[in-house]
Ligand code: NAP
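Form predicted on its own, single chain, as structure tokens, below.
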């Protein structure tokens, strides 16, 4: 077996380590969008494939026998390409997606980043904490009525809000530090994506503690029929020695149709 992990997340790094320890041949692929990525154990390639057709050609050329998509929950383009490419190459695909954060009734849950920008424009307050990533800042660039505290891993490279304070940092974050940051900047509204996981959840607790509102961008749907698991352990059972084999859904696995995720 030779497994390709489409990575960039902490779960992808954990999975690569576990599968290598189990004796499997693993290649991890990173998109190359982060300037200084945290690299997983084992073989790593960085850069795109050229769409679904390019990925399918890579799978055949490298004799890949299974793919695990462990990319960010909002990397919908990569996930769609992975599903198509695995189908073209005739090999199984597993999607590893950490669980979503449980919705709070007070959140304003919106469908996408453009709806989030509209919600901010309609908000009567002043200071917004924006943690949706540098690639989504253009949606807020035309808003001069609000002050934006923006946190990204790398510097923005496109249009940004006119009144912006930029912080470059990456998690994990603590409740105390997030509360202090939001107090310092007078944040009244947090805008974020439902990425799930423990590394960045502290901002939600801080917003609750400080009485700040939350605009939450919902996850995009997954491709029809893909097999999905929520934990690294489930992915190891799917791919590792002694499993029923890639393509079989182990305990806790979910087969989602359109609209899942």
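Numbering follows the first chain given and starts at 1. Everything numeric here is computed off the predicted structure, so don't read it as measured data.
Separately, the form predicted together with this ligand exists; it is not shown, and the next lines address it.
Interface residue among 45, 219, 205, 38 relative to this ligand in the predicted bound form, by the heavy atom within 4.5 Å criterion: 45. Think of it this way: in the predicted bound form, this ligand has a heavy atom of just one of 74, 148, 173, 123 within 4.5 Å, and the residue is 74. Heavy atoms within 4.5 Å of this ligand in the predicted bound form are found in one stretch of 46-54, 205-213, 59-67, 231-239, which is 46-54. Among residues of the shown chain, residue 163 is not one whose heavy atoms approach this ligand to within 4.5 Å in the predicted bound form. Although the partner is absent here, residue 152 sits far enough away that none of its heavy atoms falls within 4.5 Å of this ligand in the predicted bound form. Taking the partner from the other structure, this ligand in the predicted bound form has no heavy atom within 4.5 Å of any heavy atom of residue 3. Not displayed here, this ligand is kept clear of residue 137 by more than 4.5 Å at the level of heavy atoms in the predicted bound form.
Contact annotation for 1-25: residues with any non-hydrogen atom within 4.5 angstroms of this ligand in the predicted bound form are 6, 7, 8, 9, listed in sequence order.
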